[in-house]
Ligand code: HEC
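The form predicted alone is given below as one chain in structure tokens.
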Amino acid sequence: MLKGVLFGVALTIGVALIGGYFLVNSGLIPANADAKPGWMETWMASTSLDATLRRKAPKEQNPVALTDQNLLEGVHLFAQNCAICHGSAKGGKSASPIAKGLYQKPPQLASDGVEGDPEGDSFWKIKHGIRLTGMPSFGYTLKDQKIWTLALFLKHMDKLPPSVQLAWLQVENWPEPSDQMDKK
């Protein structure tokens, strides 16, 4: 009896794996960046990210002090590394052509902010990137201190002191269109 049950389980798993292989190989699962993701893909990606953040994101307090100077440095780091995908202070209505073409769509942080996220989560996402999205790992190009500075800015981007807010409003996420650009 137990042998039959084990055989049935093994056979079911084998058929599911073979069926999954043929489904992926058939081209019925879209690989194009402009396709709407299915519910299962969305659930798997968000569940995996949430679980990873619970396990691996730093829980300690941000070592970068909350000062105007550090927030200003965060604005500059954001402008240099993040604005092309995550936008400017203008939010979603000013998404760059790169952001509009990415799959999955990067949040435009001025309107889809992460101020409510723990700074450790933002630190982890910036340092390690997010698989199967356009979010790269900055752990190879930015030191932890700079990543924490970015996390500090993201946490406080909705309540910046006036001098820092002025700098944030001047961030451009895409050059102004020129006459040489191909327009459709």
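The shown structure was predicted, so the numbers you read here are calculated from the model rather than taken from an experiment. Residue numbers here begin at 1 and follow the sequence given.
Quick note: we don't show the form predicted in complex with heme C, though the next part is all about it.
Using a 4.5 Å cut-off to heme C in the model of the complex, each of 117, 126 and 133 places a heavy atom inside that distance. When contacts are judged by a 4.5 Å heavy atom cut-off, residue 107 counts as touching heme C in the model of the complex.
Residue contact with heme C in the model of the complex: residue 94 places no heavy atom within 4.5 Å of it. Under a 4.5 angstroms non-hydrogen atom cutoff, heme C in the model of the complex has residue 102 among its neighbouring residues. Under a 4.5 angstroms non-hydrogen atom cutoff, heme C in the model of the complex has residue 150 among its neighbouring residues.
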